[in-house]
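Only one chain is given next, in structure tokens, and it is the form predicted alone.
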């Protein structure tokens, strides 16, 4: 029984997604098809990528309040510069990944609170996005739109993409040696430093990985929506944090679950679709999503306490 409770980190995201999916199919039977599933999870891929980005920050015991603005900036660059001047666009996106890594190095080297630094950087990313694209518009590169609209056999592209994202991030964050060290940075950075590891560089690496997945998120979002805006991903900051926690991650100790984070992101995306089927107004949908998250986290807390007493 103790082992069962120890596996709650992945069981709860799976159960939560399954329950929401069953309710969705019950309310809208037509969703139980290839086309219906594609509509349900159409925008889940960029959310999952942003959630993975947040996961790498939480893995080193920090929180990123700028990922939403960052993804919006990437979307603006993708819909303008990457279309008009592809080489310059690639260089700009690479520079953003390096800037994210630099932000992590500064946070760790100067021992600054990440929540404050990333909040400040969110205004920088937002300002740059407005400068590049003052009003919503632009267009997606043709190759990117074609990639995001691929229709693989059996299951929609979003489901296959989720499996790939979960597998790749699991290899990086859990199975690789550097992933183990990064988990040590989140658990006890001083012990890792005493062991001779460069903690500042490791933190920069974690932030750089977050920047990379943030870039992929913004590009995926542009490929799906075929346009961009300075606030197109403003909700991704809170959604990414909620997705990591919903998937079994914790704010301390570097404890995260890549597979759980992806499932958490898809659960939140599905919750939005379910609430739309229930014909709730947009004002109530945000609160309802929060209620779903609270219920799942309460269940996780109950399982944790029971597991500790057995």
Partner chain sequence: MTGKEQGGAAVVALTDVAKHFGSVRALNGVSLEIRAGECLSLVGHNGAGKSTLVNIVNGTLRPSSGELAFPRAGDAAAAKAGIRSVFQELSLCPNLTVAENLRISHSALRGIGWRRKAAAEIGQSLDTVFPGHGIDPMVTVDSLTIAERQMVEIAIGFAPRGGAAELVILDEPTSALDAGIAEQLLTHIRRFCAGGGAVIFISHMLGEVFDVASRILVMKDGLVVADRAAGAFTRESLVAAMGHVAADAPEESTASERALGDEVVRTDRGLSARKGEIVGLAGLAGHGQAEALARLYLGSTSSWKSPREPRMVFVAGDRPRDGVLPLWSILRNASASILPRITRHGLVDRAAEEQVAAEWKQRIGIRTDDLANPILSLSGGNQQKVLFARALASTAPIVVMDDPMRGVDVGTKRDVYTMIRAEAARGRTFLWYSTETEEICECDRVFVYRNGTISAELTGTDICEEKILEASFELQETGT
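Numbering follows the first chain given and starts at 1. Here the structure is a predicted model, which is why all the values come from computation and not from measurement.
Although not depicted, the form predicted in complex with the partner chain is the subject of the following passage.
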Counting only non-hydrogen atoms, the one stretch of 172 to 180, 70 to 78, 140 to 148, 234 to 242 within 4.5 angstroms of the partner chain in the predicted complex is 172 to 180
I'd like to know if residue 85 sits close to the partner chain in the predicted complex, meaning any non-hydrogen atom pair within 4.5 angstroms. no
Is residue 95 close to the partner chain in the predicted complex, meaning a heavy atom pair under 4.5 Å apart or at it? no
So in the predicted complex, does any heavy atom of residue 120 sit within 4.5 Å of the partner chain? no
With the cut-off set at 4.5 Å between non-hydrogen atoms, does residue 160 touch the partner chain in the predicted complex? no
Answer key, the partner chain contact in the predicted complex at 4.5 Å (heavy atoms) among 134, 187, 113, 102: the residue is 187
Which residues from 184 to 198 come close to the partner chain in the predicted complex, meaning a heavy atom within 4.5 Å? 184, 187, 188, 190, 191, 192, 194, 195, 197
